[in-house]
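Next up: just one chain, as structure tokens, the form predicted alone.
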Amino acid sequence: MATIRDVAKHAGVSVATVSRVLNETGYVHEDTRKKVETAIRELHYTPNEVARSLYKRKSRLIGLLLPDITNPFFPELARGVEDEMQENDFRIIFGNSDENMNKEKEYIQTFEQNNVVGVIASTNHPDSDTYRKLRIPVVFLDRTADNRPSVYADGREGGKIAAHEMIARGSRQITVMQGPKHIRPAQDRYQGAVDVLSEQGVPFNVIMTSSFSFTEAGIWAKELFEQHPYTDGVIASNDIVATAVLHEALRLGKKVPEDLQIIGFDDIPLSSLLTPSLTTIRQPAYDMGRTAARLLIRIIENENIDQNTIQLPVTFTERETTRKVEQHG
């Protein structure tokens, strides 16, 4: 692997001169420039992505910011983004924000320092200055921000479907697990479920949760059955929380779905492997990732875009934690 020093030695110039040629900064005599370019070719020298992007004046790097890669929903999104970017010859720099605004700011700075040409962000703060002041295009993923480019699933509709299906299957003492307050998609699905339950006059309780982590979900599942022991249906904020509820229900000797029905949200790969397997509302995570990548590429390449906020549909995935709907004939 040739280094910048090897190139300098080969061309008989200083490292600083090679650097000026690569970055097109400062004056370099034409003959010297030719010598450096010949040395680069002969040594098959490839500067790192950042230097190369400066050299070619057009970076192929994209920043991808996700909240928490330990939640299996997000790697699915990331995979969709990466596959689409890879096919279009872009590379990805990745950051995990942990829902933390400072960490997010630092990553955005890192992206800028690395000369990325666009950012895909799944953030809870799309309206913050961090994004408003960015001079490169941003697409929000799994989040919406007042008409700025975004790709997301119809969370509210998902909540409504979950409530309708729960009622249709005979649950009458329903507990809704409300996802974290600061996460808009979580509130959309909660609102959708609560709207339907209220309209139908079905009594329900709410357990508030402050994250999607499995460890904490176990605590809320215990709390659910201590506070509302007669619950016969749980609409969970996501599949991780639904899994914790299922564990706790089985530990307490409840029969699922006979005594208790559970509906999750996301349809992460784990959901079909549980016993009983989890009925859930499927979000097309991989397609969402791909769609966001496609949208960003079109913006970078200044193509005409008829629609810059794209909402993808959610679907009901029926498995074993809900009863079959009785057919009245």
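No experiment lies behind these values; they were computed from the predicted model shown. In case it trips you up, residue 1 is the first one in the sequence shown, and so on.
Not pictured, yet referred to below: the form predicted together with another copy of the chain.
**Student:** Which one of these stretches, 274 to 282, 28 to 36, 299 to 307, 256 to 264, sits within 4.5 Å of another copy of the chain in the predicted complex when only heavy atoms are counted?
**Tutor:** After filtering at 4.5 Å, what remains is 274 to 282.
**Student:** Quick check on I268: any heavy atom within 4.5 Å of another copy of the chain in the predicted complex?
**Tutor:** Judged by the heavy-atom cut-off of 4.5 Å, I268 is in contact with another copy of the chain in the predicted complex.
**Student:** Answer yes if any heavy atom of I167 is within 4.5 Å of a heavy atom of another copy of the chain in the predicted complex; otherwise answer no.
**Tutor:** Contact check for I167: no, nothing within 4.5 Å of another copy of the chain in the predicted complex.
**Student:** So in the predicted complex, is another copy of the chain close enough to I93 to count as touching (4.5 Å, heavy atoms)?
**Tutor:** I93 belongs to the contact set for another copy of the chain.
**Student:** Can you check whether V202 is within 4.5 Å of another copy of the chain in the predicted complex, heavy atom basis?
**Tutor:** Although another copy of the chain is absent here, V202 would stay clear of it in the predicted complex, with no heavy atoms inside 4.5 Å.
**Student:** Looking at S211, N115, T130, Q178 here, can you tell me which has any non-hydrogen atom within 4.5 angstroms of another copy of the chain in the predicted complex?
**Tutor:** Result of the distance check: N115.
**Student:** Find the only residue in Q191, S198, N100, T110 having a heavy atom within 4.5 Å of another copy of the chain in the predicted complex.
**Tutor:** Only one listed residue qualifies here, and that residue is T110.
**Student:** Quick one: in the predicted complex, does every one of H182, D232 and T315 get a heavy atom within 4.5 Å of another copy of the chain?
**Tutor:** Contact check failed for every one of H182, D232 and T315.
**Student:** Which residues within 250 to 265 place at least one heavy atom within 4.5 Å of another copy of the chain in the predicted complex?
**Tutor:** Sequence-ordered list has one entry, L250.
**Student:** Taking the shown form as the reference, report whether the CA atoms of Y107 and L22 lie closer or farther apart in the predicted complex; the distance changes by 3 angstroms or more.
**Tutor:** Relative to the displayed form, Y107 and L22 move farther apart in the predicted complex - a change of at least 3 Å between their C-alphas.
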